[in-house]
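Read the single chain below, which is given as structure tokens and is the form predicted alone.
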Amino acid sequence: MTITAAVLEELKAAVGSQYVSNAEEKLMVYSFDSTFQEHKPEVVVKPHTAKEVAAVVKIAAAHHVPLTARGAGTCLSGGPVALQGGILLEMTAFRRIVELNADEQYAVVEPGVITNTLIAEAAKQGLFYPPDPSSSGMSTLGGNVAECAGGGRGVKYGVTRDYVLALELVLADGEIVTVGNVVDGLTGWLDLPMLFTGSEGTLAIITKITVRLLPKPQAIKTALAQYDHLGDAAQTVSAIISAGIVPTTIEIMDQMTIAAVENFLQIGLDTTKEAFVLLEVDGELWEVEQQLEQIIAICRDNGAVKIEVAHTEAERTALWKARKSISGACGKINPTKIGEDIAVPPAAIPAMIQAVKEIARKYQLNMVVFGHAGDGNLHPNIMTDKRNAEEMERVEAAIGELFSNALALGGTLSGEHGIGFMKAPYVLQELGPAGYKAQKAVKDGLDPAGILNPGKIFIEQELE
């Protein structure tokens, strides 16, 4: 235990006693994220200003108390789970859109703003915030920045780091700093917003975010291609990218995913098909129509047996409904869902999907595969039961092989979910000793006492 009565009183003085709780039921609520792991904090603190965050961090630093920041808890890698107890910093009170500048095309937001809230407010001004993780209706922008979230539009528009212009941060000593600017430029030798984006709360606490906005696309067209063979669907993804076409979205779903969604929604999906590919293009109307024709031709050339095109917004929403419902649907297969997010070069998508299927057969596991295939980001999800010790051993072995295959194909451990502690044991495998030590040196330099989100990303002992 690190929270003494004296520390508790200091925290109450810093943010108000009504925003500090160590009640057992409160600690249980904040003991997990969207993974299957659970670790209770010792106290939950809910600050409302950057100065309050700074005061809490200074208390943690003075008493060597672990501190973990948390948004909406939608993380899939264990990032906001308080592995070492201590303080859980609940950041959802930071929910203001401070500024939405239509002329300069940027927004200043607090980290507790829900992603879809910013997307909707930007749209009212004729603007567009592209990152769209599947959890965008629940996830916070602070969490998106901390994990460098992606989403279906990543093929054309990239991920969160491509839109972060500036960050207000509280460092590990409690100092408040702002890094970055709304204008292009680089003072110093580091792109500091890039450094902190994706750092998962291990380097600083985010208290304000400035993001770039884009003009809203004039037109959007959406299509759903169905396949009798999963390999054909995977090859379609590679063929579209190889043709030099840059769609907004290319999403893939295998047969088990389709069946899970149909069982969940009962919307008439054809569960005899081995794969669906959801495609979207946006831009000028003439450009969109031309690209869609090219994409449909590629789909047919690569074995698509049925293609539906949305002609209204209602039809577009209907085509997206299956993709947006996958996480909830897969939860009905088995009680424990382990969602991975390996990423490989798009040309390697067919080989990676084949490897996923072979690994599932080898270890006799229920494993679905779906994801943002256009930028190589696949989500193999293992449906298991954490109470079954023998099966969990097979799960661990399967995950290790998934990662090894992704790395062998020139890929990475995580495309958008972050490392947290779920993938921390594999970081050294990707970075190598020199790369690992270089990144760990940054962590040690900014957080020498190791109080910020300890137990995440860097868990290896000192390397020789």
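Position 1 is the first residue in the sequence shown; the rest follow in order. As the structure is a computational prediction, the values presented were derived from the model and not from experiment.
This next part talks about the form predicted together with a small molecule, which is not shown.
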Quick one: in the predicted bound form, does every one of 237, 376 and 380 get a heavy atom within 4.5 Å of the small molecule?
no
Partner absent here, but in the predicted bound form, which of 287-295, 310-318, 354-362, 129-137 has residues with a heavy atom within 4.5 Å of the small molecule?
129-137
Only one of 91, 261, 172, 122 comes within 4.5 Å of the small molecule in the predicted bound form by heavy atoms, so just point that one out.
91
Counting non-hydrogen atoms within 4.5 angstroms of the small molecule in the predicted bound form, say which of 350, 85, 73, 193 makes the cut.
73
Contact test in the predicted bound form: residue 417 vs the small molecule, heavy atoms, 4.5 Å
yes
Wondering, does residue 111 line up within 4.5 Å of the small molecule in the predicted bound form on heavy atoms?
yes
Does the small molecule come within 4.5 Å of any heavy atom of residue 154 in the predicted bound form?
no
Just to confirm, residue 204 within 4.5 Å of the small molecule in the predicted bound form by heavy atoms?
yes
